[in-house]
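First, one chain by itself: the form predicted on its own, in structure tokens.
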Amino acid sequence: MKQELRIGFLPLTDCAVLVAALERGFFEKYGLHVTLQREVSWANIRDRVAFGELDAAHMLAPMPLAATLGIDGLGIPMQAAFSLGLNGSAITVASSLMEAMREHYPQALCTAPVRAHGLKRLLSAQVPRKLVFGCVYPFSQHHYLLQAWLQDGGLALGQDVEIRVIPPQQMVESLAQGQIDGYCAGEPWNQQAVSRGIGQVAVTSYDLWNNGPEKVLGVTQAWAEANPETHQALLCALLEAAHWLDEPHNRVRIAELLTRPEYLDVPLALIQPPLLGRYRYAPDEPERLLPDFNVFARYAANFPWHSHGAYFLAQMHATGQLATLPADPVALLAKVYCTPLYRLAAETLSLPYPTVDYLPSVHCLAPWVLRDASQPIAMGNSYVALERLRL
């Protein structure tokens, strides 16, 4: 069994499961000696995992699928047997644009969630230029949420707005320098823009999709086949860490750990409130209560749902990333999102797990119970606000 591991991550609040597993001794409990390696971009993560410089990594949930489909520029098959959590990102818009919308089209900001119609009207009447938005990586939930939100507001991609790929930790400075008009990224990079007064959060990912997919632990398929015992030990350690993180009092501790220079290296005030369910959309507004802004374990958050994979396939096809849908998507998703490995780890820890691979298609504003499981599992809201996201 391979015991010395290097795991990559980007400086985002949702790397918390990896940090908790290391700092609270869960990796060590399962005989793993892990070095967490902070990386500079998702492309860097992809490359270093693909070429074996990293054993595993914090990845955007569609990345293993894009790699296995061969559309990510490398084409080295990857897999994910563990989701690192739900929700946790947002769309931030430059404060100058938000204030202009508030002045000229205040009704556009009175919907829940806020739609992009105000931006479209502003563009037509007040801002005679193409807007530029940042997204973190082409194969990301951020990209799909951002495209859906802009198009829902009537903005034509390419004509009204350009989307550029920028690493999440560079978004705030790009906004400050006027290189972009907004972006979709994870925390703490939206809260940093708000605290500096240069950006305001228009919508969170939770606003657009209650408890939607976000990040996974990715490995190459070759690594998983060569290291099955290590992979199981890794899944068990992360499962324990994720459940530890969903205890409210532990969120305070992990926020303090994440401030360290080797992790996020930003002030506690940018990390802790969202982890505790308090979220600030604008500098002159009070915090709003969003208890599910970060979900690390509850609602079967760690299960690698094939239904999320099917949604990513549909989005890849709709955005032109994938010319033709695969002939056998069921087999493809089973290869990439490895539910049997997750179930084995959960069973080892006597934790409940889903017995189906596809999340029932329910779009509701109230909690519900998943009964297709080893034990009934309490689930959170599952409302999806935009039609495009229901593909």
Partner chain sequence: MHKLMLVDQDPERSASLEVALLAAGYAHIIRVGQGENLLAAVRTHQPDIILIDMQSPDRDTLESLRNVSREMPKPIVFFAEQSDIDTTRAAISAGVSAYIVDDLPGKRLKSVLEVAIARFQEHQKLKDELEDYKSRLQDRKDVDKAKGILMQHRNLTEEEAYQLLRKMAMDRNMKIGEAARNFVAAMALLGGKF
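Remember, it's a predicted structure, so these values are computed and weren't measured experimentally. Residue numbers count along the first chain shown, from 1.
This next part talks about the form predicted in complex with its partner chain, which is not shown.
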4.5 Å heavy atom contact, Asn44 to its partner chain in the model of the complex: yes
is_contact(Asn210, its partner chain) in the model of the complex, heavy atom dist at most 4.5 Å: no
4.5 Å heavy atom contact, Ile71 and its partner chain in the model of the complex: yes
Contact test in the model of the complex: Ile166 vs its partner chain, heavy atoms, 4.5 Å: yes
Contacting member of Thr259, Gln170, Gln272, Ser95, with respect to its partner chain in the model of the complex [4.5 Å, heavy atom]: Gln170
Selected contact from Gly309, Gly134, Pro138, Gly85, since only one has a non-hydrogen atom within 4.5 angstroms of its partner chain in the model of the complex: Pro138
Stretch from 278-286, 183-191, 215-223, 157-165 whose residues place a heavy atom within 4.5 Å of its partner chain in the model of the complex: 157-165
